[in-house]
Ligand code: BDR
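Below you'll find only one chain, the form predicted alone, shown as structure tokens.
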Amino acid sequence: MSRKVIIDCDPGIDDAVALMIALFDPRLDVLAVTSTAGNVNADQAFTNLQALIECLDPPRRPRIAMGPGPLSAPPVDSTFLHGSDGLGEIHLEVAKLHQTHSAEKLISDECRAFPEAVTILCLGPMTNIANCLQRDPSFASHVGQVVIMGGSVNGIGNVTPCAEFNCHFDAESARRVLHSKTTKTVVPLDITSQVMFGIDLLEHIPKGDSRVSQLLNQILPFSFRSHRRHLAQEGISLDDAVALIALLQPELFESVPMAGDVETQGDLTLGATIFDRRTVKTWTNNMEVITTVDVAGVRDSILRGIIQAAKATI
């Protein structure tokens, strides 16, 4: 029986890879995909989401909806890694919709329709999930599980010295979600950054005219170039795809209960995730945090997912 999932994302390159794997995995029933601001602004994020769904054309199209992004966000810009359009400057064409649906309403409606049976995979800032919690006090009781790509346990960030991008971009929402009475699994940067791919990843993309292969051959070379130019890295990490595998194959990971919070102010610490790991702690555990990963197993799972999606889109 397939697992009902809502994917909430801010479509950059790693979001796109996670989406293409998820949409063609028979273990998942992707009910909806929603967008939020993050890697790109809210309008571009929804444009990317719509374009990806139309380009990939999965056999069962999920419902899509747009989130507004946070009321205020820190002045961060990740387009140097993802391109001005968020997808490696490929500028996918998409039809203009006369009406867009609200992400928080769609997420709430789907969770209410299938109480305690829906997993929300949160791959971007947690704005939409926080809005659902604020809009409906009973929302948390309808959610089965929230799997979050975000935060950092060791205190090393990727957008500031101590903050991971998603939590930094909307720290207030991250705090609200982590404090919520939902069942949460956090896949932190410490874990996702271990699963690196070298340029040989391009050789594993199936040859031919599949829609997935064509898309990957457009967006991944840009990612390798930008990581080398701006971060002096020869490889890339597909953080959001790792979070997807944590949902699909939890046996490849180990997690422990933790008590965590997010710093919502401070010139140096905005968005930093703090965990009470003292011998005698006073905070109450509020989430499962993944602490170890089978790197080879996760890398192989991502490659298999890409190959499976490519075969399905010939």
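Residue positions are given as counts along the sequence shown, with the first one as 1. Model, not experiment: these values are computed from the prediction.
Unshown form predicted together with the named molecule; subsequent notes refer to it.
The closest non-hydrogen atom of S78 lies within 4.5 Å of the named molecule in the model of the complex. Among heavy atoms of F165, some come within 4.5 Å of the named molecule in the model of the complex. Remark: N39 counts among the residues lining the named molecule in the model of the complex, judged by a heavy atom distance of 4.5 Å or less.
When contacts are judged by a 4.5 Å heavy atom cut-off, V143 does not count as touching the named molecule in the model of the complex.
Contact with the named molecule in the model of the complex, defined as a heavy atom within 4.5 Å, holds for exactly one of I120, L215, V242, L189, namely L189. Exactly one listed residue, out of S180, N158, S108, T185, brings a non-hydrogen atom to within 4.5 Å of the named molecule in the model of the complex: N158. Between 233-241, 90-98, 68-76, 127-135, the stretch whose residues reach within 4.5 angstroms of the named molecule in the model of the complex through a non-hydrogen atom is 233-241. Although the named molecule is not shown here, in the model of the complex the stretch 1-34 places heavy atoms of D10, D14, D15 within 4.5 Å of it, in sequence order.
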